[in-house]
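What follows is one chain in structure tokens, specifically the form predicted alone.
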Amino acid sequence: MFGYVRPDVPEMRVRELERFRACYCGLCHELGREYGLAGRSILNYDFVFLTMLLWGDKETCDYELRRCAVHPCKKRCVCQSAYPLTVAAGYSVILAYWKADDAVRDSRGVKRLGAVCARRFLRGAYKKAAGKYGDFDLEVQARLSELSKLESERVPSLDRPADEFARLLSSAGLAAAESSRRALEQVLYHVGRVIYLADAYFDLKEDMEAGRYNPVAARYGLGGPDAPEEVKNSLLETMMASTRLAAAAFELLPASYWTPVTANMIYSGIPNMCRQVLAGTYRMIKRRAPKSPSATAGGTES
């Protein structure tokens, strides 16, 4: 995915932040255990969020102290291997592989070369993950194929391409318990819409300069990389509407060990991200766990 779903660290209690860090590091170790260095290279916040949602109300989290290459001198508290971590790791490899494959077709020059290298680097990990999670792999391929078709047609719509990505993300709910699957799929669907719209606006300048399709530019008929305030306001209203729908579905999920953390992300982290993206203050970070509240009080992570 993209790394847009983050916690609002200044609004978290210390124990909630430590839980998030432990899950983040636990997913990193799970990616390394299952898929090696290729797996660890794709760690991002979005799949930590998915991990916690998949945990369910009957699962328990056990912790251990472990070192890693990023923190070789001091052991850190991490979540031990568990079903939600294993599933999220496999799903993240599958999506990362097909995202790289899509970039190979859509990019040129150095960026295309980087995508080719990323796809080759992930190929072995992808084959293992696809063998375990074939249904999710097929759904990702189908949704990305439809999304690619819409982008090649340069459709002047936000809803149609956003819907395809949202359906892709909602299919990650296949791994949830049957009793909560429908609600989780709705959470992921609406969060997926927010991620797609945020990413489209985040890439607006780069896409316009490269002459690539961008759904925001196509929808509002923009002739340059600078969006007027009325466009930003319209986008924010659309993104916040999807956030509210995600929150409504979230309330239908059973309370779990992770609820205080995921509630922070739903009710505060995602709305803050939307505002930062549209204000131009958002910074993309994929490999660093959140710092203390004092280090993030400015609204972006360093």
Partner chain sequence: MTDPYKVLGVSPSATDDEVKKAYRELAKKYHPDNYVDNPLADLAQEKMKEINEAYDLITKQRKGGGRQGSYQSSGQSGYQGSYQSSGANYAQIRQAIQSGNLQYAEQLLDACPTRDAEWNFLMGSLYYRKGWLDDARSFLQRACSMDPYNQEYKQALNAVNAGGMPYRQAGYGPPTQQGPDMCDMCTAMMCMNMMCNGCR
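Computed from a predicted model, the values in this text were never measured in an experiment. Numbering follows the first chain given and starts at 1.
Another form, the form predicted in complex with its partner chain, is not on view; read the next lines as being about it.
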Report task. Report yes if any heavy atom of S268 sits within 4.5 Å of a heavy atom of its partner chain in the predicted bound form; otherwise report no. Result -> yes
Report task. Although its partner chain is absent from this view, report whether Y220 comes within 4.5 Å of it in the predicted bound form, heavy atoms only. Result -> yes
Query raised in the report: Does its partner chain come within 4.5 Å of any heavy atom of E251 in the predicted bound form?
Result: yes
**Report entry** Heavy atom of A69 within 4.5 Å of its partner chain in the predicted bound form
**Finding:** no
**Report entry** Interface residue in the predicted bound form among R182, R120, R108, K149, criterion: non-hydrogen atom within 4.5 angstroms of its partner chain
**Finding:** R182
Query raised in the report: From the list K132, R212, K205, R160, which entry has a heavy atom within 4.5 Å of its partner chain in the predicted bound form?
Result: R160
Query - in the predicted bound form, segment of 22-30, 35-43, 59-67, 260-268 with a heavy atom within 4.5 Å of its partner chain - result: 260-268
Report task. Counting only non-hydrogen atoms and a 4.5 Å cut-off, give the residues of 12-44 close to its partner chain in the predicted bound form. Result -> none
